[in-house]
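Only one chain is shown below, in structure tokens, and it's the form predicted alone.
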């Protein structure tokens, strides 16, 4: 008996041919476009709420517009007016002070705090880390109210402490020479803990064998800090310095809430930041074109300073 099947029977067991009704090609095309459909909400939101407003603000800086009516083409008059405005330069000086204080005071404090939280002899490490991180998740309004009470000239705790050691009380919110330090006191309390978390993550990634080998070779604590800790933290230092600089140049809510809407920059605009100045001109005075010009100059300043930071830290890496 033959084991081979007849040709007609073999053809009968073959898979049926799919009907050519176009459904297969349509499904393949849908499969190709499905990933783009899933990621499209991000790009739509990015375009509507970031890219388009940014481009619109860049163009609006050359117009005079108060939100209603036809915009009037102003050429460079917004920028010419800006260069003649003494309040703008006061805001620039204040913002430069905030930036320098943040880079050279808050960052070293955050690094020291991270080293303390990373110490092996520290008890209850998790509790301390939570306490130091808590200010960043606290409401800015609540923090500002507390600091207004601390800075009070008559019954504030800070002046009470100064008088207890024989010093003269300071009008923190009324003296133009003390206003910027009052703002930075609030900023130090709010942001040092967050920066310390970044440094703490970098410290925990450094192998202990490096410190052990350096100790065996006779290196002391200062030498281990400058020759192991700092070089190993280069990526973290770059990241933290950039976000600190950008945050300081865009500081707004801390002085705004601390001084209130009646005098957002404090006495004689001594604590006014660039973003506060932009807000007052755009929202308060409805000078949208003028405020857009301020925003463009702020963007250029942040971009240039960020490039300088990358350049300096690359040189430090070399």
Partner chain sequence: MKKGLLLLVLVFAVSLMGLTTFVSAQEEVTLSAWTHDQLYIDYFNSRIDEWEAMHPDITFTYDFQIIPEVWDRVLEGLAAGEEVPDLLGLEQGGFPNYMKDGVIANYFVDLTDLIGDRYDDYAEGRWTIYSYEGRVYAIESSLTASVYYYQPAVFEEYGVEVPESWEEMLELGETVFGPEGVSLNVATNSGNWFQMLFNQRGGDVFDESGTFVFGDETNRPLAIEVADYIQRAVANGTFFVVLGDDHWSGVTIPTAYREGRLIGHMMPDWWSSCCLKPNVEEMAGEWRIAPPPTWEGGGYSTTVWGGTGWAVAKGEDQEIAWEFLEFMYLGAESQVQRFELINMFPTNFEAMEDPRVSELIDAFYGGQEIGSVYASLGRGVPVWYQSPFRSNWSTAIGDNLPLLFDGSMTPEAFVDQAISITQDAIDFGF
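Residue numbers count along the first chain shown, from 1. Just so it is clear, the model here is predicted, and its values are computed rather than measured.
Beyond what is shown, the protein has a form predicted together with its partner chain; the following relates to that form.
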TL;DR on 151-159, 237-245, 206-214, 114-122: the one with heavy atoms within 4.5 Å of its partner chain in the model of the complex is 151-159
Practice problem: Using heavy atoms only and a 4.5 Å cut-off, decide whether all three of 41, 292 and 299 touch its partner chain in the model of the complex. | Solution: no
Note: exactly one of 100, 108, 176, 221 sits with a heavy atom within 4.5 Å of its partner chain in the model of the complex, namely 176
Margin query: Test of understanding: in the model of the complex, would residue 64 fall inside 4.5 Å of its partner chain by heavy atoms?
Written below: yes
| query | Just to confirm, residue 87 within 4.5 Å of its partner chain in the model of the complex by heavy atoms? | reply | yes
Legend entry - residue 35: touches its partner chain in the model of the complex, heavy atom cutoff 4.5 angstroms: no
Exercise. In the model of the complex, does residue 275 have a heavy atom within 4.5 Å of its partner chain?
Worked result: no
When its partner chain is considered in the model of the complex, the residues of 271-308 having a heavy atom within 4.5 Å of it are 281, 283, 284, 285, 286, 287, 288, 290
